[in-house]
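One chain is shown next in structure tokens, namely the form predicted on its own.
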């Protein structure tokens, strides 16, 4: 990086990349121009810090790039919006190898394309460690899906895998039989938000509220419950995932704990009007009722409910 320089790096990062239709003007000017066909767009931003959100000895550069885009794309999709563009800022040490940056950028673009968008621009700066900030733009539907729409009688459902990222993190931290569970380890390195499951729903789908499961199912359903002024009860039997059992047995862990409180799966949790069929790809896991808070099998969950950035040990 020190030898290449800032502007040559920017040119290298953007060379040979085609923009999606949502980007009217990409890198090369003072700012990008992003289309807003609905007259407005959904915007979200998130940050990853080395040794806080990823480790260089655990994740390849492309994995880090994909993760940075995925966690932002999932926030946009959780509003029912289709991603249209991403803006990426990168801070890195001057001795960062160019090959690392090339692979990292490839990861950014791979996930941006998977989400149906492209990278419209960004910034690079010298930093003592790797810091990545991504802003995502999305085209909203006629009615954005908020956290505040759940009502008593609604069905709680999830799309995507739960607990896999937490299980993968536990395997990496223990250094235990990583080759035996490659898909579980990969789930921590690169989240797999099921974008199409959300964006492919018919416009008339009876969805009432939704959130990206980034902090943990209990924590993110807690946000829906609080915003909607309702109570949510989870049926633990509906969450059983046979793929997590051998990992839990190896580590002496509780797979249900991973599914309820493990973050960074970037699955989607939503509520749907009761008495109607769920769209394809959604699994019913609970019910909405009057009251407040989130319970599991009718009882309060003891212990942490998910990730909190400023909590002790978080």
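Keep in mind that what you see is a predicted model, and the values were worked out from it rather than measured. Residue numbers count along the first chain shown, from 1.
A second form of this protein, the form predicted together with a further copy of the same chain, is not displayed here; the remarks below concern that form.
- The closest heavy atom approach of residue 29 to a further copy of the same chain in the model of the complex falls within 4.5 Å.
- In the model of the complex, a further copy of the same chain stays beyond 4.5 Å of every heavy atom belonging to residue 285.
- In the model of the complex, residue 123 approaches a further copy of the same chain with a heavy atom inside 4.5 Å.
- Among residues of the shown chain, residue 223 is one whose heavy atoms approach a further copy of the same chain to within 4.5 Å in the model of the complex.
- Contact with a further copy of the same chain in the model of the complex, judged by any heavy atom within 4.5 Å, is made by just one of 200, 206, 152, 91: 91.
- Contact annotation: of the candidates 252, 280, 275, 37, the single residue with a non-hydrogen atom within 4.5 angstroms of a further copy of the same chain in the model of the complex is 37.
- Contact with a further copy of the same chain, judged by heavy atoms within 4.5 Å in the model of the complex, is confined among 182-190, 157-165, 135-143, 108-116 to 135-143.
- Scanning 64-93 for heavy atoms within 4.5 Å of a further copy of the same chain in the model of the complex gives 75, 78, 79, 84, 87, 89, 90, 91 in sequence order.
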